[in-house]
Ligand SMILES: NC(=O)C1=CN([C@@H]2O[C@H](COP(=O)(O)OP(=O)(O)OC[C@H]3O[C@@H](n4cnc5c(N)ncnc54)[C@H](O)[C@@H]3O)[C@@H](O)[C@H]2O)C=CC1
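Let's start with one chain on its own, the form predicted on its own, as structure tokens.
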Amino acid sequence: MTETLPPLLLIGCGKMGGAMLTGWRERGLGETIVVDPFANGPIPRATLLRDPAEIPRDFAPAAVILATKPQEAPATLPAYARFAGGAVFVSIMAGKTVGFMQGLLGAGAAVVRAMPNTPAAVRQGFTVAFAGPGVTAAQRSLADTLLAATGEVDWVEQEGLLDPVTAVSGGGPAYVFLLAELLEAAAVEQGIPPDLARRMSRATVAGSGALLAASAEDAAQLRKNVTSPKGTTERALAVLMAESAWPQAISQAIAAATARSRELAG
């Protein structure tokens, strides 16, 4: 039997907030209020409000999920400071630190900071979370349950690790989509019809990801399994794995994204 979740307050119901809400429905959504002035309501099995002033005074959520845009945080978060001391705040806002959020919610606010990624939309997401000071074991467990509704969850003990996590996992789907985009374009350059190039590229990337997920072998070994000596794949990899090609480009890209995540904390 599905266990009903405790009362929840979701701030922002965009793509990621909406994906989480769908996952919670599958796990037994209890009393839930969504605050989003831009949502196209109604929202199934939840109460949609346009303004936090409309939240009933007796509503006591166990968790307040902050799924608003990071740049909106300074204007948005103070309205929810009244829930500090009772609820755990679970933030999926990129770059905003626990200290930043406590500055808006109150020093005693229990904050979990999390970085999900877009495969959460199909329950294949990966989220890394950090529990700030004052988060109880029960609150961390609830946060884990809420985040796990969209995929796999892991935790770090150092908040600073969320910056490279943002660069690798948070932005990672974009890099994979870019690979599919470039494979498609290169296929067309070699004379393959555009429709076939698109279907082939998408299926190759998706199928390879499924194989990686299902295999006990690491990525390097799976790559080697595809690479016949003196064959076509070996010739292609000689270009891609040159020091000035993918090894350097990926390293620089992740470093750049990590630096930007740290900048956003300001």
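We number the residues from 1 along the sequence you see. These numbers were taken from a predicted model, which means no experiment stands behind them.
There is another form of this protein, the form predicted together with this ligand, and it is not shown here; the text below is about that form.
Comparing 63-71, 202-210, 235-243, 218-226 against this ligand in the predicted complex, the single stretch with non-hydrogen atoms within 4.5 angstroms of it is 63-71. Ile92 is the sole member of Ile92, Ala110, Ala129, Met101 with a non-hydrogen atom within 4.5 Å of this ligand in the predicted complex. No residue in the set Pro7, Thr47 and Gly86 has a non-hydrogen atom no more than 4.5 Å from this ligand in the predicted complex.
In the predicted complex, at least one heavy atom of Met16 sits within 4.5 Å of this ligand.
In the predicted complex, this ligand stays beyond 4.5 Å of every heavy atom belonging to Leu146. Although the partner is absent here, Phe59 lies well away from this ligand in the predicted complex, with no heavy atom inside 4.5 Å.
This ligand in the predicted complex is not approached by Gly23, whose heavy atoms all lie more than 4.5 angstroms from it.
If you take 189-204 and check each residue for a heavy atom within 4.5 Å of this ligand in the predicted complex, you get nothing at all.
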